[in-house]
Ligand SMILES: N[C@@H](CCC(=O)N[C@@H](CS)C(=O)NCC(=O)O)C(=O)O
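Quick setup: one chain, the form predicted alone, written in structure tokens, and binding and motion questions come after.
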Amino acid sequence: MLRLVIGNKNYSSWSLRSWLLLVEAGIEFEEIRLPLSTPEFAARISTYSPSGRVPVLLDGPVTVWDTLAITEYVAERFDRTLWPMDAVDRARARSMCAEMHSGFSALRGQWPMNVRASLPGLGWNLAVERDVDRLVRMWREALSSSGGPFLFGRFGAVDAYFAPVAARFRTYAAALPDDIGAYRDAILDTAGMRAWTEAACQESEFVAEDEPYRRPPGT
């Protein structure tokens, strides 16, 4: 059976992408959770990950330690329909994932993923606004072509890749146009995302570097 090494569900946006992809594709796997910024993480991560980061996918002797690589591996090994079948759409979906993988630094920095929190309005600045505007344009183009509810019709790799953004939009109460809000809600209402959110809300760890707007409990 596949094994997927992840971090905290409340904070680890990279882990969410791979986890949600596997769950929504109906692919069985064992979850190995290592809480971030803890002695346990430091002691165990090298057992699984050559990069020292999560997520990591383990498939027998095969180790895949980058989120985009995990996405491609899962699609090739288990379900090629996780990418659009049309070559042009597939290229667009891969480009969107790559842009998310390397871009949107303001949104990432100002709005760290925090699934269990409600922080409306915090962290907003003009750079975040530019990132949000770019996401709205990119999502709208895909949704207009496919008709939704997901970017290319059915749930796929690209939607899993944007799940952490949907979670951020809820946490920070981003004001979105109706069509984009509907897409955000479609992601948040998947069975996998509901399960991830429920588990995140049950976690007790507090990672200070991912909590710039809140103090640790009891302080």
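In case it trips you up, residue 1 is the first one in the sequence shown, and so on. Because the structure is predicted, anything quoted here is derived from the model rather than measured.
Below: the form predicted in complex with the ligand, not depicted.
Here the chain stands by itself, but in the model of the complex one stretch of 177-185, 23-31, 148-156, 45-53, 45-53, has heavy atoms within 4.5 Å of the ligand. Put simply, W196 is far from the ligand in the model of the complex: not one heavy atom of it is within 4.5 Å. Put simply, H101 is close to the ligand in the model of the complex: some heavy atom of it is within 4.5 Å. The shortest heavy atom separation between D59 and the ligand in the model of the complex exceeds 4.5 Å. With a 4.5 Å cutoff on heavy atoms, L36 counts as touching the ligand in the model of the complex. Taking a 4.5 Å heavy atom cutoff to the ligand in the model of the complex, the contacting residues in 9-37 are S12, S13, W14, L36.
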